[in-house]
Each structure stands twice: as C-alpha cells, then as structure tokens.
Ligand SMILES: Cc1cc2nc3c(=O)[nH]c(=O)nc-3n(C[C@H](O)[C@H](O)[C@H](O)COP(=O)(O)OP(=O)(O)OC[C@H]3O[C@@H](n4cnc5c(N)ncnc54)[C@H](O)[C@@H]3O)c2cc1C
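What follows is a single chain, given as structure tokens, in the form predicted on its own.
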Amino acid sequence: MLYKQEHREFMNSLSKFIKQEITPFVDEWEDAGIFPAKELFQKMGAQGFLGVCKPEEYGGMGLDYSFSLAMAETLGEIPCGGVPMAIGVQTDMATPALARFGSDYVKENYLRPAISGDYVACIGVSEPSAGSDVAAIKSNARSDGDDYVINGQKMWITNGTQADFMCMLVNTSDGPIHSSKSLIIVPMDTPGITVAKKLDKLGMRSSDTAQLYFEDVRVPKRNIIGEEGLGFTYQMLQFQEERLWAAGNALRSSIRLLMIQFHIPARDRFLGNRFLIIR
C-alpha cells in the first residue's frame, strides 16, 4: 500500500512509542507469560492509538481505515507476536461492531473507555466445539425480563484474564443458526464468570489467552450491540477488519524474521513508500 505523508507521520509517531514503551520490555513480558495490558493501553490511549478509526465523539481520531492498516503494519516492528495481537484485539477485533452498530449507551460506557485505554476488551466467539465454524457455537443468552442470562464457555480468548469487558457472540433464540445469534457486551466482573485457566502457550506468550466459563451470568439487555438476531452478520463484518489487520501486521514482522534468519543487518534495508526492500 502506498502511504501519504500523513500516514508516514502517524507511523513514525507509533514507531517511537514502540521503541520507548514496548520493545525494551518484550523479553520480560514473554518470560512472564503476560504483559500489563491496562498500563500499556492507557499510554496508547493517551496518544490516540486505540481509536484511530473510531468516532471522534467517543474519543477516536475519526480517520479512514487506511490508518488502521498503517498502525497494524507498524506494530509489526514489535519483536514478538503477543503484544501486537492483544492490541489488535482491542482496536480491530472486539470493538468494530460496537463502534458501528452499538447504541449511544454501549458506546459511551464501553467504546469510550476502550479508546482511552481505561478498559481492556476481549472478543468471545470461539468455543471448544466451535472454532472456525462460528455458527456452531453453543453459548446462549436466555431472556429474563430486562436481562439476558448467559450460560456457556469460550476458548482461546486473547486478553481473557485482564479484560474489563467481552464482546460476546451468543445464541439468543432457537431459530435458524445464522439468525439466532446476538453480540452482547459482557462486563468481565459480572458474577458467574470463571477464568478456568490461562493457557500455557509455546509462542505469543506475552498475550494472555484464557478459557472462560459463564454460569447464569446476568447482563442488562441494553448491553446488546445492534439488533437481536443479527450477531452472526455483525461478527462476519467484524472478522473482515480482523483479517485485514492480521495481514497488515504480518508485513513487517515477516520481513523482520527473514532478516534475522538470513543474518541481514538492519542498516541494509530501505523503507521507501512503505515498501521494504532488502539489498
């Protein structure tokens, strides 16, 4: 992608932040199997990095999606995979549907603090029996007056032990599988939520990944994102931003790994129009 001067200035600012606030601590965080998400995200939020494409009225920068891709690419400079992934969950995986379809209430109470970094977000889709087959999820939310009562489990949840809220995909009816699901914001301090375990991974160790159980978790119906029954559609749209983010993030990280593998010194690279050329 060819970037303009505005993109390059933004990427340079983020690159400086990475060198000062992230890179020096990566080895420590990888060894610990976790990084201080709230502390780092508050620093990023103060610089505007968590709301690049989010609405200005909720603290975002209101830029177009090309800046989100520029951010994803720049995050590839971080010498690990876990921290960039956790940031990507916050910006491009757990909050796009919230920003696009959420009510004023959920945007004010969850999107705004996610943009500022005061809340850590996670996305709750995958389950032990439903990975890539999203329509097969079993978690459900039963209507009870003004509340939903949620039961089920979620697996492989990035930011799962530190998150303040989850954007959770659940079944809200027994209808056709593609129109029976809804996205609901679930505060992670709600009674009935159990972090079963933090997974001990071979790679991306600095990103905490958890298995979570939900037993009679009561959430107000006003926490729903958009319309009931449209959650599968919202999540498919949200996945598109997630996949684009992952592709953008892989650009520099892949080149960095190749340079390490082939012992190419950092001085022998040229960043021109954001294309990396190895001499």
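From 1 onward, residues are counted along the sequence shown. Remember, it's a predicted structure, so these values are computed and weren't measured experimentally.
What comes next is about the form predicted in complex with the ligand, which is not displayed.
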Residues Ser15, Val52 and Thr74 all lining the ligand in the predicted complex, heavy atom within 4.5 Å = no
Report the residue, out of Leu111, Ile185, Met85, Ile78, that has at least one non-hydrogen atom within 4.5 angstroms of the ligand in the predicted complex.
-> Met85
With the partner omitted here, the residue among Ser126, Ser116, Ser180, Thr190 that in the predicted complex has a heavy atom within 4.5 Å of the ligand is Ser126
Counting only non-hydrogen atoms, which stretch in 190-198, 103-111, 151-159, 172-180 is within 4.5 Å of the ligand in the predicted complex?
-> 151-159
Although the ligand is absent from this view, report whether Ser139 comes within 4.5 Å of it in the predicted complex, heavy atoms only.
-> no
Distance check, Gly145 to the ligand in the predicted complex, heavy atom within 4.5 Å | no
